[in-house]
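What follows is a single chain, given as structure tokens, in the form predicted alone.
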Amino acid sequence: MLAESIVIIGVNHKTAPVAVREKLAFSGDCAGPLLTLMQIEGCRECCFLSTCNRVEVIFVASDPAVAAVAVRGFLFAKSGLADDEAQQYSYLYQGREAVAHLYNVAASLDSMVVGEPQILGQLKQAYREAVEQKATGAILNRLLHKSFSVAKRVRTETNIGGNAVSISYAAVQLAKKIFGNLQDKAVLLVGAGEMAELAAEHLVRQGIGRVIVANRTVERAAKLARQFNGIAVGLAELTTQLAEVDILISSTGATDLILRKDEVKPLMRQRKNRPLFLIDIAVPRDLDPELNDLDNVYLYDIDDLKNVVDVNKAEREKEALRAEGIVAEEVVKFWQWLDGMELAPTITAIRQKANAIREAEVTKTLASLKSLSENERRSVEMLANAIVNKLLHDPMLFLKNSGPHDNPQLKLAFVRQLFGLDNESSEE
């Protein structure tokens, strides 16, 4: 059965620990792996995906069981693991399960962070490289394009990527709720560590107007500030800068508070009570909890943000359930297309389309020739029928007769495209 020729073998964060995944990591482009995979006997089409959490091969094979052993052998060739260990750490999906798995991967339902968008770009890149190496054909071209449209549908019809699930991004989303547009806003990053950098990346992506980095070591502040075309200052300038900015994100390693309520209170008069958003992601905390008592000061600490993230994760899980429903619908649609890729359904579909066109045109013609006798009307119908049969004769022979070097799926895909059989169901 054609559907059973679709197979996916791989390793991801769910099936193997990082110590195993790193042994399978492939560096560079996919050209080398693709060339090796296409030399596997019976492997007709393939696509090779390698990311930090996933290595998998999507392929179509004339003898899936034999090809699967060879593909798994290729994946684990440099791992030093025995075959039983390779089976233990890897997954194998075939037929309908393979299609569903690919759709889940594209829609980020199989990712470590559900809803993260990077995997779709990585899958598209893997497909581009497979096409460049001429490693795909009618089935994988269709399947991978459909996986992209399924991912788009999931993004459009659910809110799976709408809620922040990282502390730094949650902070930025809260800032957007307070200020709306961030483009004319200024942020003061206190501390120059990884959390400050991540927060700055998110803010810059949201179009933040100005970045200032304050740190005990000004050289470190300057290094981070350069990444975002910002300016660097020492910690001694903290309150001076605070009078000018809209957002402060603090993540120092200080053991005591670096900003207290009494220092900010006079600043708010100077700011004419313009809103000030304070995010404290340091442990121990950098900012005085009593700052929240001041009007127009909004202070969130790491626990507040964790609560936001936990709620958002729960929301994503709910959206994932809706997305799984979409994936199930789309798997059925792909199955219907695959069914059509068998010879008999394709011949039936061509005849049905041709007959529908013939009947419509004959009806239209006879309606304008009302003076014709019954025999003359029958002659017109016979003429139309004969033309259709003769026109279809050669395409039918082309489909039914196959040579030793023919690729049946490629031939069917070509004919179906020629007669526009899949146009109505296509959602690319």
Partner chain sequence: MTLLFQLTLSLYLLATAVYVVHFLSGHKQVRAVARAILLSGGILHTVYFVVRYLAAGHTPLTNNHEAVSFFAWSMTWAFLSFWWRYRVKNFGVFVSPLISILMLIAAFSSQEMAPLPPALKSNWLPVHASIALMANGFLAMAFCGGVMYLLQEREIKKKKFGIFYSRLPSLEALDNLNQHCLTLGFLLLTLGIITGSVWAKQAWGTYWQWDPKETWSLITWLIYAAILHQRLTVGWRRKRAAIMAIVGFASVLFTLWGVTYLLGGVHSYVG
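Everything numeric here is computed off the predicted structure, so don't read it as measured data. The term rigid core refers to the maximal set of C-alpha atoms that superpose within 1.5 Å between the two forms. Positions refer to the first chain, counted from 1.
What follows is about the form predicted in complex with its partner chain, which we do not show.
- This chain is displayed without its partner chain, yet in the predicted bound form the stretch 167 to 175 from 139 to 147, 123 to 131, 167 to 175, 203 to 211 comes within 4.5 Å of it by heavy atoms.
- Note on contacts: among Ala100, Leu299, Ile350, Ile258, the single residue with a heavy atom within 4.5 Å of its partner chain in the predicted bound form is Leu299.
- Asp295 is the sole member of Asp84, Glu317, Glu329, Asp295 with a non-hydrogen atom within 4.5 Å of its partner chain in the predicted bound form.
- Its partner chain is not drawn, but in the predicted bound form it has a heavy atom within 4.5 Å of Phe179.
- Although the partner is absent here, Lys272 lies within 4.5 Å of its partner chain in the predicted bound form, judged by heavy atoms.
- Contact between Ala225 and its partner chain in the predicted bound form is not found at the 4.5 Å heavy atom cutoff.
- At a distance threshold of 4.5 angstroms between non-hydrogen atoms, Asp304 is in contact with its partner chain in the predicted bound form.
- After superposing the rigid core, the Cα of Lys261 is displaced by 2 Å or more between the shown form and the other one.
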